[in-house]
Ligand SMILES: Nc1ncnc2c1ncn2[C@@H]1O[C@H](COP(=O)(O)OP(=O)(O)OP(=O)(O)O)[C@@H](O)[C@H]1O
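One chain comes next, on its own, written as structure tokens: the form predicted on its own.
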Amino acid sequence: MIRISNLSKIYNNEIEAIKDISLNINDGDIYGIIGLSGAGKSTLVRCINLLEKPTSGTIEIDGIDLTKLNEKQLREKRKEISMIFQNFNLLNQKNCLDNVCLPLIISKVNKKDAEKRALELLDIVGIKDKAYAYPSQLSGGQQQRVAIARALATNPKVLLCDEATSALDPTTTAQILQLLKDINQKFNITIIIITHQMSVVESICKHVAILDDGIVAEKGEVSSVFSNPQSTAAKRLVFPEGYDDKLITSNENVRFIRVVFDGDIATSKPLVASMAVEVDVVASIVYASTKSIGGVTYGSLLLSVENDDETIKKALEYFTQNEVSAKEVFLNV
């Protein structure tokens, strides 16, 4: 397990990039850390492997506090923590095979064994035929595959991905994310993905932490956080087109209910129409949105109903009976 406790990083004694962050990341998880530019994502990931030394707090991996290790001990521990980057960071003067061999050679593995291992890894990432090509001869997706193979060379327990798909087109992004998912399942490597892209977290991550101005605004299972965000930062990311709270206006004739459901429920029963027939509650749809998370479609509705306590009660009971999450929401003032 990775246990991050009360982690803070201050630059130049005044700029607090991350503030008192605490996260637990289970072995074998794919954990997303997402936020807008300047939220502190890259600082956090660089603190996890101590490329940046935190000002305060601890990072424990399998019970070992990295902040307490000396330089020699930290170098050994870093072999268990690999990293891939947005711009691939391959050595242009070396071919793909030599790029993947590099961490093995640094670890004093003999050249023959290093090349054998490198070819195996290039095969795993689907690019063995490019072993003797140079980075400049490869597409962005191919270069990232080489970078992933290199990251796997030392058999790491943890793989840090810092905006690893931001430079790629959507099709290539999907292929790289599927490769990471396959690697996670095959080797049980814990993967931490730093991104500003909602689609990346939705498609691959099991858990997520949303950073905002250096703090954790919200965290939990992806399906829970993204289908029913609670914090302002989460709402801003999940609904960039404008969260439905903005549509709640002062109107003495109506009140508002937010409904969150998964695709199975949405397709099995027309809830809004059925509610009118079954319990005589008529609702208008003010806002509707759907998202695919982990292969399941989730939906969110903002409904307006008559301003009446009994009507609200009947509506909420109806949704509860149909195993749908619903609650009354109010005008933000």
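Keep in mind that this is a model prediction, so the values were computed, not measured. One-based numbering along the sequence shown.
The same protein has a further form, the form predicted in complex with this ligand, not shown here; the description that follows concerns it.
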> Of the options E163, E115, E218, E80, which one has a non-hydrogen atom that comes within 4.5 Å of this ligand in the model of the complex?
Replying inline: E163
> Quick one: of L51, L36, A288, V282, which gets a non-hydrogen atom within 4.5 angstroms of this ligand in the model of the complex?
Replying inline: L36
> Just one stretch in 22 to 30, 298 to 306, 40 to 48, 65 to 73 has heavy atoms within 4.5 Å of this ligand in the model of the complex, so which one is it?
Replying inline: 40 to 48
> Wondering, does N12 line up within 4.5 Å of this ligand in the model of the complex on heavy atoms?
Replying inline: yes
> Any chance L316 has a heavy atom within 4.5 Å of this ligand in the model of the complex?
Replying inline: no
>> With a cut-off of 4.5 Å between heavy atoms, is I312 one of the residues that contacts this ligand in the model of the complex?
In response: no
> V324: heavy atom within 4.5 Å of this ligand in the model of the complex?
Replying inline: no
